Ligand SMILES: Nc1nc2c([nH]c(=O)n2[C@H]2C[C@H](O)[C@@H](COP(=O)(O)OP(=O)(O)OP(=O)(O)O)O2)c(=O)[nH]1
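Below, in structure tokens: the form predicted on its own, a single chain.
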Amino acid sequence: MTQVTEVAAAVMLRGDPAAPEFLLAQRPPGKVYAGYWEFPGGKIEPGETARAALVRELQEELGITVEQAWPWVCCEFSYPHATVRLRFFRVNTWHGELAAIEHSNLVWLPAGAAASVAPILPANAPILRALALPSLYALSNAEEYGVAAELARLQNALSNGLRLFQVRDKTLPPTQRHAFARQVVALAARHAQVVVLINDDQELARTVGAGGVHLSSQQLWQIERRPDFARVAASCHGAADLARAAGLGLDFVVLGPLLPTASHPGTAGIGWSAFAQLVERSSLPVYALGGLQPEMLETARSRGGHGIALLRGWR
């Protein structure tokens, strides 16, 4: 059985939360993969929690004291010399001056842009891609509000910085859904870095030129390989779904329902405690879904979520 080395790693973020910069550190001469860029962090010692290891490592490597660190994704990667399980934390606040105590150099890079340094440790490639995802994932609700009203709501949201949108509305008549999806893609094209996903219809996504698809939990188990789109997401309801999405190499998932929703007010959601347990070892960014409001974003992040998915509360 392969021995796995547990590692705590920091995605340090600064600047505008909607377009932050993140820190990479360069491995010094004499170490394995010398000259490669990585996220700072290090090995979790026996009896040590991942967060405690993170705090200790950042003090030793960068000379700072962590104030806020939220669990994020957990990735396993096999190098020729070792297999590592990287527990990533998003570090938003700290005190002390950053110093390259145990690295050759430090660099701040804009999230979502192509990295301007190389080479980067291969285990970190999925993390760079995940950093491009915004914190809000908006879902269409034209079935309830009407197509014209939903397009007006979307236009306003895009002007306010919305960058990730799903055409849901699966009960609209096919011709109407097609026209709606085409109008959504056209609106999104007027704004930079906006990704539109189509729920459960790969043919429609290709026809209207969408950026990807969002799979239902049912379709997640019906396909054998990742659909050929730039972005592919899925709806998950438990640990098996999360593992299936990761195995297919998807980009992100939504997990829920978290809380009672307007459409199912009598149905209890999984709750924040179960959500945190389920995402603890997810290798994919997870959006919390179901009964949420925009002001719950910080709560979702503190429980390990990447962000929140909203059907009604976005604008």
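Numbers for residues come from their place in the sequence shown, where the first is 1. All values derive from a computational prediction rather than experimental measurement.
The form predicted together with the ligand is left out here; the points below concern that form.
- Three-residue candidate spot Asp200, Gln202 and Ala246; no residue lies within 4.5 angstroms of the ligand in the model of the complex by any non-hydrogen atom.
- Proximity to the ligand in the model of the complex, taken as a non-hydrogen atom within 4.5 angstroms, holds for one residue of Met12, Leu292, Ala300, Ala9, which is Ala9.
- Contact annotation: of the candidates Ala233, Ala210, Ala188, Leu86, the single residue with a non-hydrogen atom within 4.5 angstroms of the ligand in the model of the complex is Leu86.
- The ligand is not drawn, but in the model of the complex it has a heavy atom within 4.5 Å of Arg27.
- Residue contact check for Pro285: none of its heavy atoms lie within 4.5 Å of the ligand in the model of the complex.
- Of the heavy atoms in Phe39, some are within 4.5 Å of the ligand in the model of the complex.
- For Asp251, no non-hydrogen atom is located within 4.5 Å of the ligand in the model of the complex, even though that partner is not displayed.
- With the ligand left out of view, the stretch that reaches within 4.5 Å of it through heavy atoms in the model of the complex is, among 144-152, 225-233, 164-172, 121-129, 121-129.
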